[in-house]
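The chain below stands alone and is given in structure tokens; this is the form predicted alone.
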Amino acid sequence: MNKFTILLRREIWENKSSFIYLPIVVASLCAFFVISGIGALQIGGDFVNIDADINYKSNQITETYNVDDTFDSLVGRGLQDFSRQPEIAKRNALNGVYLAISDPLILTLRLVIIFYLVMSLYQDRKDRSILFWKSMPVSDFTTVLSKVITALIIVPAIYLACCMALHLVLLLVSTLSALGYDVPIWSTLWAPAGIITRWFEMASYLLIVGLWCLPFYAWVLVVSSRAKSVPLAWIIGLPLVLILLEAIFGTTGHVKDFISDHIAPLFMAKDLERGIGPIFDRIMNVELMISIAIGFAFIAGAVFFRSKADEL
């Protein structure tokens, strides 16, 4: 277990830029745009409302008026209107907002995992450092397994933590924006957001998507353990050949659908929009079991090619 922990730490240390620094940068940029957007609406909305009120008053026969009585903002007015919406409408609206600000991190995560797996076994052979690692008392299976665990659990956990921090920023900034207005903050912003449930759903979503995409991830590992050059060409090329052969000799389209669904399962994002139920329904899906079986077969292939790497 200690050896395996060391291997996991090695993966994090060697990929610190994409595993740790990159999600922090992406989350910070998203937080900056959230704060800037709400601030612009707050300040810009105030000026618009005051100017409109002064122009209106200037056309009336009156001697005095109080600017403070007409002070309002787009944010305040929007929050007051939002607070009067039905509970289900508030939950759906906030769900869309929280998912939207998480999208850049989720997209970055997918790209990071793919490129990490592409280079994970290929780089050791390319720079011949595999000779050093093979001299260590660590099996090829343990080495490959550390790559799989890193891609499926550790990296998503780091990106999930950044999503959680980003959600808290949005929740706190929107709460601060609502403090100056007659708005019930808990029932308007906190309760409909369901922040704890949301984090649990996102963690489940990332884990299940990882298992669903296991055939593709494991295929990338196989190529990384075997390709002598240009691994991306093999990763993309062979699936395209299979799709082309199916188009020529068959009409079902099952191969194309399976490959596309397990590379970019966009339909699962819609599951997340509907809550935890549809996500857990995927666990009992036969296709998920098939995906895991295919993934294990590819992982076994990666272990085999890794064991023969110094002979190939």
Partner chain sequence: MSDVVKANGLTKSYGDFKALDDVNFTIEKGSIVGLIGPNGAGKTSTLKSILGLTEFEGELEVLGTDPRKGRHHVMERVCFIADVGVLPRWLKVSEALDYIEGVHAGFSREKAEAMLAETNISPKQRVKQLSKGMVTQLHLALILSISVDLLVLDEPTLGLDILYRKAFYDQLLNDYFDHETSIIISTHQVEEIETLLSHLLFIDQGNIVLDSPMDNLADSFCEVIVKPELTDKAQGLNPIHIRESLGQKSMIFENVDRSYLEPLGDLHVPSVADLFVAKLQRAAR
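Numbering follows the first chain given and starts at 1. Only a predicted model underlies this, so the values are computations on that prediction, with no experimental measurement involved.
The discussion below concerns the form predicted in complex with its partner chain, not included here.
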**Asked** Quick one: in the predicted complex, does every one of 110, 115 and 237 get a heavy atom within 4.5 Å of its partner chain?
**Response** no
**Message:** My question is simply whether residue 131 lines the interface with its partner chain in the predicted complex - judged by any non-hydrogen atom within 4.5 Å.
**Reply:** yes
**Prompt:** Wondering, does residue 138 line up within 4.5 Å of its partner chain in the predicted complex on heavy atoms?
**Reply:** yes
**Request:** Look at the stretches 92-100, 206-214, 139-147, 169-177 and give the one with heavy atoms within 4.5 Å of its partner chain in the predicted complex.
**Result:** 139-147
**Item:** Residues from 171-204 in contact with its partner chain (non-hydrogen atom within 4.5 Å) in the predicted complex
**Value:** none
